[in-house]
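Encoded as structure tokens, the following chain is the form predicted alone, with no partner shown.
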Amino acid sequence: MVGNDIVDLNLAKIQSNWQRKGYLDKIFNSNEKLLVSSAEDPDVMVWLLWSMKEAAYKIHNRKTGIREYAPKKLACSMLQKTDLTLGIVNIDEVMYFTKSSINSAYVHSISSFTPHQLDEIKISIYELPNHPSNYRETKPGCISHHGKYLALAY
């Protein structure tokens, strides 16, 4: 099972004011808020943590059938931050491993039950207007779209 999330950074800047009072308190725990406040680029850190939570939630939801999305119940921690960010998201004492890529246009995260599965996940990312109309026929394990981006994980 695979989880997948993409955030269009340009759209996120327009649609979300994460700096407004109380926003971070609703979504992040104290350790995550520290990651945001100490980040070289706090905007990117917010969306990195968000995409990690979303990718892990997608697996957790399919596994448990629980459709509650309570972001503070999903606790992120970073294992390695380089070109690819490796992390862990804990939900109800279940651990999900994540791998995220960041560029100037988007943040993309995938998640799995084990770290070695992350290297086996195949990813296709498309930008409008180049989204394939028949992408569901390719039977992706997880679909994510935001703004002008579509991410498929197999």
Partner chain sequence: MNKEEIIAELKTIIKPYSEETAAFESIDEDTDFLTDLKINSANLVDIVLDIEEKFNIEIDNDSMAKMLTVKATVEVIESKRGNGGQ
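Since the model is a prediction, treat every value here as computed from it, not as a measurement. Positions refer to the first chain, counted from 1.
Note that the form predicted together with its partner chain isn't included here; everything after this is about it.
Annotated contacts: 16, 21 and 68 all touch its partner chain in the model of the complex [non-hydrogen atom within 4.5 angstroms].
With its partner chain omitted here, the record of contacts in the model of the complex names 49 to 57 of 121 to 129, 97 to 105, 30 to 38, 49 to 57, defined by a heavy atom within 4.5 Å. Proximity of residue 26 to its partner chain in the model of the complex falls within the 4.5 Å heavy atom cutoff. Contacts of stretch 103 to 125 with its partner chain in the model of the complex, defined by any heavy atom lying within 4.5 Å, are made by none of its residues.
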